[in-house]
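A single chain, nothing else alongside it, follows as structure tokens in the form predicted alone.
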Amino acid sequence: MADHKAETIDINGCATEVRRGGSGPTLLFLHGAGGISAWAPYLDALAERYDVIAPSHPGFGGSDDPEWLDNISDMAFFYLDFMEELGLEDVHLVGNSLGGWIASEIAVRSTDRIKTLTLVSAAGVNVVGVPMGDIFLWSNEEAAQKMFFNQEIAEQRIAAAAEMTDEQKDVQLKNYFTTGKLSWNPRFHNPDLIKWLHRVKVPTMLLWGENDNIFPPVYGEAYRDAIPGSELRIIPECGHLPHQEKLEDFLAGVDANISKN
């Protein structure tokens, strides 16, 4: 396992939980609605070739829940401040689901500190006539079953959820409430984002599970059509979390995008 550490960093008065490990080019990973509770295997794999920075968003995990956090735009500007505060340059920005939406909102505002962008099953856009999965209506068990193509992984997640401590349940609830605040209405998208994705001028990779029940692959096609020069890779027999279900395909996509520089 790569050497890594967890610390709390103050960003404009917001105590922010940050995990960091590995060495090499800087890679900032933005998590999805489920949060990031540990140094996960996919972070360890990334840390074999990159300096991986994995914060808990404001309102998630061990980070503060600041009064100023009202919408996804606030989150995007927070991460612009985050990169400035840490002095990050030439960042390889990777985001999954909600984190992918945040990453795209950052990139349409400024790519001054961003070298590449990788969106993994990202929220943020809407495709008329193709409904997205509604995690707010699913039980924990149903959500796990719909997140993964491989139902053995889903069953493992269901079993682990049954053994969560009270503290872990509190964090899960915190993550859920913040996700709702950011994406309840309209559901998991910003109607204006699609108009501005042409501003993303850095190499962009879109990684999508063929069997994504949350945002079907046509959502990846919408991103591809809106971001000039972007590449879409559909990963077969894979659900909403390619970095967890098809790690090698995920790593190959990230590496391929970064190697364009």
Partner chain sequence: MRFSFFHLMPYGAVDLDAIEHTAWINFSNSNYDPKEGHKLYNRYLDELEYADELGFDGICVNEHHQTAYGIMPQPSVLAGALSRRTENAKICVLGRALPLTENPLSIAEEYAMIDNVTGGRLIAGFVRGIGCEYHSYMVNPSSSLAKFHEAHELIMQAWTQPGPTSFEGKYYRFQYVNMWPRPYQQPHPPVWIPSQGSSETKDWASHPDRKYTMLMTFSPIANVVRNMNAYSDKCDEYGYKCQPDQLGWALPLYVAETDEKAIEEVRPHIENFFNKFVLAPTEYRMPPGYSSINSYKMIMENKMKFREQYLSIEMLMENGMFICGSPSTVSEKLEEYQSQMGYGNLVIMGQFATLDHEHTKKSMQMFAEEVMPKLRHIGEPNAAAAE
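A quick note: this is a predicted structure, and the numbers were derived from the prediction, not measured. Numbering follows the first chain given and starts at 1.
Keep in mind that the form predicted in complex with the partner chain is missing from the display, and what follows is about it.
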property: Residue contact check: Asp90 to the partner chain in the predicted complex, 4.5 Å heavy atom; result: no
property: Heavy atom of Lys174 within 4.5 Å of the partner chain in the predicted complex; result: yes
property: In the predicted complex, Ala159 touching the partner chain (heavy atom, 4.5 Å); result: no
property: Heavy atom of Glu85 within 4.5 Å of the partner chain in the predicted complex; result: no
property: Location of the partner chain contact in the predicted complex, chosen stretch of 138-146, 96-104, 109-117, 77-85 [non-hydrogen atom, 4.5 Å]; result: 138-146
property: Heavy atom contacts to the partner chain in the predicted complex at 4.5 Å, residues of 168-195 in sequence order; result: Asp170, Leu173, Lys174, Tyr176, Phe177, Gly180, Lys181, Trp184, Asn185, Arg187
